[in-house]
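Given as structure tokens, the chain that follows is alone and in the form predicted on its own.
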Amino acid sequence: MPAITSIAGRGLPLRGDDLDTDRIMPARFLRAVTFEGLENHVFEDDKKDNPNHPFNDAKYKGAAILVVNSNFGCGSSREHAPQGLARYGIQAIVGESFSEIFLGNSAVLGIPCFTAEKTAIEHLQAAIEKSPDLVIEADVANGVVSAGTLGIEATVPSGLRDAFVTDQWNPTAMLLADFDKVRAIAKGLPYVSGF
């Protein structure tokens, strides 16, 4: 489980406030036993309704950094939404604000969510729209997002930032890494071993 200190790649600008998890990953795709193939259904209904949707646009194919507006990922707590984005290739999200549950679900997948001012986000979205090959670098430790001559102050919540830069962002991997210790502690707990 490597530390995540910075992410670099092309961007995908997705405009609009309050883009909820049902729009990111429609409910009918939650029946899957695994998360395999969810990347094929990210924003499926929005893409069908709007042929010009950024996720339909070939010039953004392969983008690693999603740039969004306010309250991204609101709605239900479905982890299928960030799972689909991760499987699509999104490695970081930069936006005005995020739902707290979406933020947490993204973090345990290794996707830092950077928060920046509205004007800065709009400038970044416009820069990507003008130059889709623009490389963006998002520095987790220092909270700086840069793209060409554009430099943006952004933040990742301090607890998550510290987890990313010290390779402590995946609780499942942390438990499995010390599973003998976990098993030993569990044997001493009467509500686990007393049955």
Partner chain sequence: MPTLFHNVWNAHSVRTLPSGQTQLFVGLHLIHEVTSPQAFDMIRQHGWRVAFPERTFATVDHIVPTSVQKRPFIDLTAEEMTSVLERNCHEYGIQLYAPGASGGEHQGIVHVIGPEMGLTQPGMTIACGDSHTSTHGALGAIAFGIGTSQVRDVLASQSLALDPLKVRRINVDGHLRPGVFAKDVILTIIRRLGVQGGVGFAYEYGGSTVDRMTIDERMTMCNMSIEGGARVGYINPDDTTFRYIEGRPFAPQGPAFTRAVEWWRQIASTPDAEYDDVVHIDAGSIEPTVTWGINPGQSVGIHEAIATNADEEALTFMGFKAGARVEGTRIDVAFIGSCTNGRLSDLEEAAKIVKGRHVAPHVKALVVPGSQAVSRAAVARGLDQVFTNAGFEWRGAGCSMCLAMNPDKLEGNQICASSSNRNFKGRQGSPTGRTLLMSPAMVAAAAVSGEVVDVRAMLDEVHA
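Only a predicted model underlies this, so the values are computations on that prediction, with no experimental measurement involved. Numbering follows the first chain given and starts at 1. Take the two forms, superpose them, and find the largest set of C-alpha atoms that agree within 1.5 Å; that set is the rigid core.
The discussion below concerns the form predicted in complex with the partner chain, not included here.
Engineer: 40, 155, 70, 146: which sits within 4.5 Å of the partner chain in the predicted bound form by any heavy atom?
Structural biologist: Looking at the other structure, the residue within range turns out to be 70.
Engineer: Is residue 76 close enough to the partner chain in the predicted bound form to count, meaning some heavy atom within 4.5 Å?
Structural biologist: Residue-level check for residue 76: yes, a contact with the partner chain.
Engineer: At 4.5 Å between heavy atoms, is residue 88 in contact with the partner chain in the predicted bound form?
Structural biologist: Judged by the heavy-atom cut-off of 4.5 Å, residue 88 is well away from the partner chain in the predicted bound form.
Engineer: In the predicted bound form, does residue 115 come within 4.5 Å of the partner chain, counting heavy atoms only?
Structural biologist: No, residue 115 stays farther than 4.5 Å from the partner chain in the predicted bound form.
Engineer: Should residue 142 be counted as a contact of the partner chain in the predicted bound form, where contact means heavy atoms within 4.5 Å?
Structural biologist: Residue 142: no contact with the partner chain in the predicted bound form.
Engineer: Using a 4.5 Å heavy atom cut-off, indicate which stretch of 127 to 135, 146 to 154, 164 to 172, 60 to 68 touches the partner chain in the predicted bound form.
Structural biologist: Selected range: 164 to 172.
Engineer: Within 4.5 Å of the partner chain in the predicted bound form, which residues of 115 to 129 have a heavy atom? Give them in sequence order, or say none.
Structural biologist: Residues within 4.5 Å: none.
Engineer: Just checking, between this form and the one not shown and with the core aligned, does residue 178 shift 2 Å or more at the CA?
Structural biologist: Yes, the C-alpha moves 2 Å or more.
Engineer: Taking the cut-off of 3 Å or more as given, in which direction does the distance between the C-alpha atoms of residue 86 and residue 177 change in the predicted bound form, closer or farther?
Structural biologist: Farther apart, by at least 3 Å.
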